[in-house]
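As structure tokens, one chain now follows by itself in the form predicted alone.
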Amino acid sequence: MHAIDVRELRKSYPKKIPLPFRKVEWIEAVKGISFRVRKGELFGLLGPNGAGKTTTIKILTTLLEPSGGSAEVLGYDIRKDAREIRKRINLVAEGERTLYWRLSAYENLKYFARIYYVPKNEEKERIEQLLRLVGLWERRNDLVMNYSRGMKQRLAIAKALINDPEVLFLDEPTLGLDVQSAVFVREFIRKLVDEQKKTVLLTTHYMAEAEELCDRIAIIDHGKIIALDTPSGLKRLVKGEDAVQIRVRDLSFQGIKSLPWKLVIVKEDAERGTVTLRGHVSEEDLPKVVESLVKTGAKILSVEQKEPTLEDVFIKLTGRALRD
């Protein structure tokens, strides 16, 4: 039995609130996706904003009713067995205030321990263990409103572990965190899988995060899974293709569209006025690419050959960068 088994899952939303005599337009956020997550696996859903990642997680955690298809979590049907699923999972939701800011960290975990019926004789020990685990024991009596964003996210993960879930869902767990906090969270997530044998489903739009953490990755775009494999397996899709990264200033967006080579913008620095382009260009064509960019008025700042990444896989599959 798999920890998660998704079959042709769909979700549609009405574009407008239906009124008498108004035709309802539907937006299909998830378009018949299928995948399985093994027990003890760290599985990633990688895709841009609006790809359907959060909708998928909300369906699997029984917060949303699917429009079609089916899914099981730990062998329980998401429609029929929502109560049983909720006992065995937990969720760290992106962009949602799931902590009580006017309570301390300790008071938050005590409250959620009662919500999840943690046995009274285990409550104190479990709270201390979790706060030490996420490095917040010394700040346990501070109000959450005085925590940094990184500390709040660590506490949110501790809160999600209070019921000792078999499956943990993490929706963009490092979004908006500073580098140090993001590193801590990533290392902690990996330890949950390696040492505590948790099953984790993670959504992210950070290529490096997915590659570093995940055992397998499903790339999702416009509500569809377009590729699913291990990080190394996905990168084999672009094996042998030269990845070139060019940093320029004064780029003409019309000029780049007229080029015969497929170059996409992967980074913009508005402060410096620079743009970073990436694409697959052969060694023979590279001088022509540089010359063509110069003719459009762009100033070349650097040209580098790069090892293929998941960004290159996404570009190959969709014809655009993940940021678009």
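Values in this document were obtained by computation on a predicted structure and should not be read as measured data. Start at 1 with the first residue shown and count on from there.
This next part talks about the form predicted in complex with a small molecule, which is not shown.
Contact annotation for residue 266: none of its heavy atoms lies within 4.5 Å of the small molecule in the predicted complex. Shown alone here, residue 49 lies within 4.5 Å of the small molecule in the predicted complex, counting heavy atoms only. The small molecule in the predicted complex is approached by residue 55, whose closest heavy atom lies within 4.5 angstroms of it.
When contacts are judged by a 4.5 Å heavy atom cut-off, residue 256 does not count as touching the small molecule in the predicted complex.
From the list 66-74, 281-289, 27-35, 267-275, the contact stretch for the small molecule in the predicted complex under a 4.5 Å heavy atom rule is 27-35.
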